[in-house]
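What follows is one chain in structure tokens, specifically the form predicted on its own.
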Amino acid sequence: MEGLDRNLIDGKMVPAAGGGTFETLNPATEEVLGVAADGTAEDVDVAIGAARTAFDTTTWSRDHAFRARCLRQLHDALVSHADELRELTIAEVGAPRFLTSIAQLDSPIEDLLWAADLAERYEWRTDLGEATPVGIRSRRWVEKEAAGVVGAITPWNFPHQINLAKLGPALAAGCTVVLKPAPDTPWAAAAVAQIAATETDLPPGVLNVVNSSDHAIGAMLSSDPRVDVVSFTGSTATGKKVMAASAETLKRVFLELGGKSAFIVLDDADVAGASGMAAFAACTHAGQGCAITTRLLLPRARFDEGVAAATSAMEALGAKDPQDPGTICGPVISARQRDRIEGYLRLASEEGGTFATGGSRSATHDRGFFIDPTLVVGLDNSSRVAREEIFGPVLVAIPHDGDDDAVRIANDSPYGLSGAVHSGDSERAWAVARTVRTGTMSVNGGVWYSGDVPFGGYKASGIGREMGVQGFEEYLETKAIAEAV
């Protein structure tokens, strides 16, 4: 595809100021795929100015039908380039091919249609009727308006899903956007930018995409007074910095942060089947997902049964080539991430844990950043390996002594993003699900992920919601109006 070495600023695909570029790698082979524009502070400054001008001086924020049309154009254009985007995503992200038919590509593209429809069917105005406050008869209503310029900062693990989950609702709401993607997956964002710039009627400045190897320039979106909303997905530590920087100009902040979610298996469940599902989830995309359930809570009396089933599943899955349609666990994104995971595996041993399977980088790959699917046993919930987000194919199995104890362990976490519960009794499962303090829960294998479902977490997992009507409303302001009658 063309334009992958350029940024989208004010309607044009342009080189970075100064012409700088940086390399993007294939994490399965360690080969250089090519280069991306290495944006600078000057590029971000120009992009913010373009977004500000487009919001303040055009009808974009008020023309709901036009926004819907542009989003449908973007959807159709992305669909027409799906084959190219699929191969790019597998190569740059290391995403298993099967995942590109769902959350890594196809599903987020389809969710653009939901956002487009919402731009037209949303109740932008609510009539509150007449009243006589302080003796003045008035007709009153509430209107929803676009919040302004959005600074979107996104990670590398599911780039299309997260980029489009921000762009679709923000643009549908009438905002203009400056997107700063992660430097690990710049082409994923540049490809969407190129398609948007050349195959839609998006006005100049409405969408800007600035790739850069410098993480620090994303901080400009938090501190610049021309930006009204910051939408950030990433680590909790960075999210705190984004929030602190945004406080100086009192921006609205959406934060989708980390997780260490629990997969609870009750004693009346199919323990072997549920444990296999937990292993599958922990291995998916090499465990590189904030909502993945990475703590397996098993009934103590059936702990060995669950561990055996999870071990068998992990060994069957293995760490394999993402190009293979049957691969579930591909590489992790980079040498840095591989080394970080290996540090946690050493820590697991230091804390007294053992490996039921895995525990090291894959010996079956000469190149690429592969970690064998790993099941840690022998640790309790107070261990760092059970409390900190690892972002690799690592599952920690912990015994529990009944429903209340399982809920206690699940809630004994700084995070509260997701979770799962399995039981032979649906009502019992629901009772547990309602007491686990997380933003999303799966009951007996139910799937909550969809563009119309709000996603976000409690506690250190973030503030606000992405997707769903609630996520759309993160990009709106509320105006109350009264007219004397």
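Start at 1 and count along the sequence shown; that's the residue number. Since we're looking at a predicted model, the values are computed, not measured.
Although it is not shown, the form predicted in complex with nicotinamide-adenine-dinucleotide (NAD) is what the next lines describe.
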**Message:** Using a 4.5 angstroms cut-off on non-hydrogen atoms, would Gly259 count as touching nicotinamide-adenine-dinucleotide (NAD) in the model of the complex?
**Reply:** yes
**Message:** Considering non-hydrogen atoms and a 4.5 Å limit, does nicotinamide-adenine-dinucleotide (NAD) approach Ile162 in the model of the complex?
**Reply:** yes
**Message:** Is it the case that Tyr344, even though its partner is missing from this view, gets within 4.5 Å of nicotinamide-adenine-dinucleotide (NAD) in the model of the complex, heavy atoms only?
**Reply:** no
**Message:** Does any part of Phe303 reach within 4.5 Å of nicotinamide-adenine-dinucleotide (NAD) in the model of the complex? Heavy atoms only, please.
**Reply:** no
**Prompt:** Out of Ala348, Ala193, Leu85, Val242, which one falls within 4.5 Å of nicotinamide-adenine-dinucleotide (NAD) in the model of the complex, going by heavy atoms?
**Reply:** Val242
**Prompt:** Since exactly one of Pro183, Gly276, Gly353, Pro399 fits, which has a heavy atom within 4.5 Å of nicotinamide-adenine-dinucleotide (NAD) in the model of the complex?
**Reply:** Pro183
**Message:** Please determine whether each residue of Asn157, Thr238 and Cys290 possesses a non-hydrogen atom within 4.5 angstroms of nicotinamide-adenine-dinucleotide (NAD) in the model of the complex.
**Reply:** yes
**Message:** For the interface check, one of 383-391, 116-124, 278-286, 97-105 should have non-hydrogen atoms within 4.5 Å of nicotinamide-adenine-dinucleotide (NAD) in the model of the complex; which one?
**Reply:** 383-391
**Request:** Determine the residues of 438-458 with a heavy atom within 4.5 Å of nicotinamide-adenine-dinucleotide (NAD) in the model of the complex and present them in sequence order; the list may be empty.
**Result:** Phe455
